[in-house]
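Presented below, as structure tokens, is a lone chain in the form predicted alone.
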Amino acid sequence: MKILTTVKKVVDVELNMHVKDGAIVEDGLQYVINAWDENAVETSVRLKENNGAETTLVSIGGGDCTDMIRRCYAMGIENGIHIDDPALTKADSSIYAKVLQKVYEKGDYDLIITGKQSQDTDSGQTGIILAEYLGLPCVSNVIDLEVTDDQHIKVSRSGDAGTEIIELALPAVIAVDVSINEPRLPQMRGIMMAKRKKIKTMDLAALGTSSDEIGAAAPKSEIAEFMASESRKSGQKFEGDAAEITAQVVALLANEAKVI
């Protein structure tokens, strides 16, 4: 089984972020592997360990994506592809899916594993759009996976009415949820070995496509503006006996909150 796993670089949402003039202030930002994609990597590595799968990872973005690819090497991924092209600066889910389609067609993979969504846009569309472009079956929100034979897998997904169990014929696309596993921490030996491994870097021309063919100049969606959330107003402290406090609260509910 040949597996293609996708990884996206995202802003570390654990850190403070600032918005100015409708844009995120870039100074001081740090980037990390998208959380859902780490679970996709762990899923792929477990399939390699338990079922002898061949694992390849692909990341689209600038030069700092190589650091994330090497981290995935340290986790157990065997091969890494870095797609770096200035035409993809403003790519949306549809354009990313077009690029991944080209990667898939060059590799003849049996299974594509993506994260369910990304921390920056939360759109959760890339894997599903990719499956549509490729004409492959797709299951999202996957929380468990079992290989039944060389041509089939069985997945469990969180559905509206509970857990749904679906059997898929390969090739297929799955988008995993964070609850599917706990990603491993890379060991020092793996980190040192990852530094020496090669990463295959490609642009659109090397993929056999162009900016015009994938529609990079006309994304189907774009971020119009970032807005900082409103700060929470400080609460009020009431003092006095129960009757006095009750009167004050009722007055505020009636005159300010307008709920009574």
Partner chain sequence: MAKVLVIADIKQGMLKGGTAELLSKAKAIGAETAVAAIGSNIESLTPDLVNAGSDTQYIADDPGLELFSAGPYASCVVDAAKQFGANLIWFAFSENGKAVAPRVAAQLDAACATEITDVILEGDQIEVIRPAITNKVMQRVKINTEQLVAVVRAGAFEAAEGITGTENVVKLSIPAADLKAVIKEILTDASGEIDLADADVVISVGRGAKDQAGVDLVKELADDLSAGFGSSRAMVDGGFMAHNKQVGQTGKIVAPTLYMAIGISGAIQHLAGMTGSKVILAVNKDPESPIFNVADYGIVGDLFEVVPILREEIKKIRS
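We call the rigid core whatever largest set of C-alpha positions still superposes within 1.5 Å between the two forms. None of the values given here were measured: they were computed from a predicted structure. Positions refer to the first chain, counted from 1.
The form predicted in complex with its partner chain exists for this protein as well; it is not shown, and the discussion that follows is about that form.
- Using a 4.5 Å cutoff between non-hydrogen atoms, Asp177 counts as a contact of its partner chain in the predicted bound form.
- Remark: Asp110 does not count among the residues lining its partner chain in the predicted bound form, judged by a heavy atom distance of 4.5 Å or less.
- The closest non-hydrogen atom of Gln125 lies within 4.5 Å of its partner chain in the predicted bound form.
- At a distance threshold of 4.5 angstroms between non-hydrogen atoms, Gly190 is out of contact with its partner chain in the predicted bound form.
- Of the candidate stretches 102-110, 81-89, 68-76, 138-146, only 138-146 has residues whose heavy atoms lie within 4.5 Å of its partner chain in the predicted bound form.
- In sequence order, Val11, Val13, Glu14, Leu15, Asn16, Met17, Val19, Ile24 are the residues of 1-26 having a heavy atom within 4.5 Å of its partner chain in the predicted bound form; the partner itself is omitted from this view.
- Relative to the superposed rigid core, the position of the CA of Gln30 differs between the shown form and the other one by less than 2 Å.
- Core-superposed comparison between the shown form and the other one: CA of Asp212 displaced by less than 2 Å.
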